[in-house]
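Let's start with one chain on its own, the form predicted alone, as structure tokens.
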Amino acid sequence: MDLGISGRTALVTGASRGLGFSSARALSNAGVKVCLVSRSTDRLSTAVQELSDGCHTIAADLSDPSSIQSMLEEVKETFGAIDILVANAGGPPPGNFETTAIEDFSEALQLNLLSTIEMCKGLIPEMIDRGWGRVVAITSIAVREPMAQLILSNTARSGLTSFLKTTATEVAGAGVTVNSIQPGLHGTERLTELYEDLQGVAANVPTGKLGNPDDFGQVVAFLCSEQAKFITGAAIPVDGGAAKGLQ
């Protein structure tokens, strides 16, 4: 299906591997010129080789506000304008109320909340001026159903979801959509690093299998499409039915 976004430009963070890379690849396959952002220059150089011509990489650290500002300046110099933002960042360390220090919350909020707000503040005004834009944030199914031992992620990503919902209602009339996707367990390198028995992990998913990162990327690309112009303010679970709540 033609998504109607060929020739558009996209900024994808956390894009050197995992769900961020799958999202970048899906957009590239749809004819979008993509700028991939990650802290690792080595992984970025490998990842961009799998994408079409016209893509670009920038090494940046989302935990550092000055690094984000430098990245935004560079991507605007390279592409002129960014039509699509896919905001993705790795999760903060695990912990619960008792074991998590107060200073840890500041770091988690910067990585998983404030970094996306900074990018939105830097890019959405220009999307409004052009009358077209797409923002998709990759959060976590933990926003819908908080997970034990992930108090930092639960807190930061829930705050981000609220920010995105509020922003979506304010910019919808300008042709800019703002959505988030809540991934469950997908077969990424990160999951392999965390668990030795992936079959056992998959058994806890109602579908009986882990999500395919490439399928996830296609969901992201669709939300960036012309066909998805009436979808905004949504927080969409992509989790194989894992979350038990009604909302």
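Not measured: the values here are computed from a predicted model. Numbering starts at 1 and follows the sequence shown.
Same protein, other form: the form predicted together with a small molecule, not shown, and the subject of what follows.
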| query | finding |
| --- | --- |
| The small molecule contact in the model of the complex: G159, any heavy atom under 4.5 Å | no |
| Partner contact for L191 in the model of the complex: the small molecule, 4.5 angstroms, heavy atom | yes |
| Heavy atom of C35 within 4.5 Å of the small molecule in the model of the complex | no |
| Touches the small molecule in the model of the complex: L62 (any heavy atom, 4.5 Å) | yes |
| Contact stretch among 116-124, 83-91, 159-167, 96-104 - heavy atom within 4.5 Å of the small molecule in the model of the complex | 83-91 |
| Residue among A108, I151, I138, V135 with a heavy atom within 4.5 Å of the small molecule in the model of the complex | I138 |
